[in-house]
Each structure stands twice: as structure tokens, then as C-alpha cells.
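The chain below stands alone, shown as C-alpha cells; this is the form predicted alone.
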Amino acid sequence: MPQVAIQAHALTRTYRRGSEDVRALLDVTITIPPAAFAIVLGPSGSGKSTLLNLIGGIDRPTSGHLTVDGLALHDLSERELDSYRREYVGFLFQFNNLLPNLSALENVALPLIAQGRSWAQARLQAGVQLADLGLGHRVGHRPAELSGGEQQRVALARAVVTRPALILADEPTGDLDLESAQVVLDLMSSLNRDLGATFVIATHNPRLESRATHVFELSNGRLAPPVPRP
């Protein structure tokens, strides 16, 4: 697994809304070192999701520079961005985005299939990943048959099953009760430690700060000075 460092310089993202330009991010400069467990704090509308979308190669900056593991994302073609997302990045969202007609095992196997693994290989690896996250007894269940916490653990398994170097999580505990949120956070912390992957987590919950190696705060698209962690 490559050791991923993220560097953004003067990153700005502007959207056109009617006759107005809306600045979702304005002149954001950050550095996130390899294997960090970084938290991006801010209220709704502060630019957190926009920043994650840029780092994940889902969106492009209006101006500025963004590099991940030496790749200048702002210069990549659409095909190169697609390859970057497939090979480097795991995504975890607030509402898990599991496919309702597939089992937990099949949902987790999908990223492996996208990388060209055989169905047999993908099923085997997905089953091992689910078992590692305490869901070995739920592999055949569909999302509607799982609790909210279990669904998010399946989504986490899907995000890490390919062993990506970078995992981006957008409000991963925002739709969970306190106990389930604690389980998901414990698992993410363990994966960060055991896999050496870089985690970047967007949240409005300041209680997550205690888990972080680095904390960044966004407000109205602007970044406060980074807060170092021991």
C-alpha cells in the first residue's frame, strides 16, 4: 500500500447558482501526512463535503492545486481520475449507499469486481473482511435486514476491502445512535492503525477530535489554522 500524503494549495471551488457564484471553498491550503487520522470539522454548508469530493477525485477545483501521493488531481483526465478512485480511494458516507437488492457479501465484493477480481476471489475476500468487522454471521443478509450500525459496518467493509491507501468518510456516524457510532469509530481507528491508510473524516461532531491526529476546521468555505495533535 502506498503511503498517501495530501497537499492542497489555495484550493477554491465555486459553483454557479442562477446568476450568482457560490464559493463552497475559498483559498484552502492544507497538508495531511501519510497514515493520518484527520478530522475536518464544520457545520452543515461549511465546505466539508466539497473538500472530500475534491480529494476523492469526484469533483474538480475551480482553482488551486491538489496532489495525493504525488498525483496532481487537478491535471488528471477523467479516465485517470476514474483509475485513481478505483485504485487509491475508499468512500464511506453517512447514508451508507448499500445496494438494497444485494447481500452484505455482494455489496462488499463489488469494489473487488471493479478491480478485475474473479467472483470467487471477490466473495472470499469480502467474507473475510466482513468477519474481521464482526459481521461473519450476516454475510447473506440484505441491508434492510440489518441494523443501522450493521449497515454502516458493511459500508466500512466495502470501503476498505480493496486495501485503499486513502479512506474518505463523510459524516460516517451522523445517522447512528451513540453506541453504534462508537463501534464504527473504534473500527475506523483500528483500521487506520493496522492498515496504515490515511483517513480523512468530515463531521460536525467535535467529540471526534479526541480520535484525530490532525484537525481542520471549516467555516463558510474558509479554513482555520490546523490544530496539531500529540
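The structure presented is a predicted model; accordingly, all values stated were derived computationally and were not measured. Each residue number is its position in the shown sequence, starting from 1.
The form predicted in complex with a small molecule exists for this protein as well; it is not shown, and the discussion that follows is about that form.
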Based on heavy atom distances of at most 4.5 Å to the small molecule in the predicted bound form, which listed stretch, 174 to 182, 37 to 45, 193 to 201, 60 to 68, is the contact stretch? 37 to 45
Verify the flagged residues Arg85, Asn107 and Leu110 against the small molecule in the predicted bound form: is each one within 4.5 Å by a non-hydrogen atom? no
In the predicted bound form, does Ala24 have a heavy atom within 4.5 Å of the small molecule? yes
Taking the shortest heavy atom distance, is Thr162 within 4.5 Å of the small molecule in the predicted bound form? no
I'd like to know if Arg207 sits close to the small molecule in the predicted bound form, meaning any non-hydrogen atom pair within 4.5 angstroms. no
Touches the small molecule in the predicted bound form: Arg17 (any heavy atom, 4.5 Å): yes
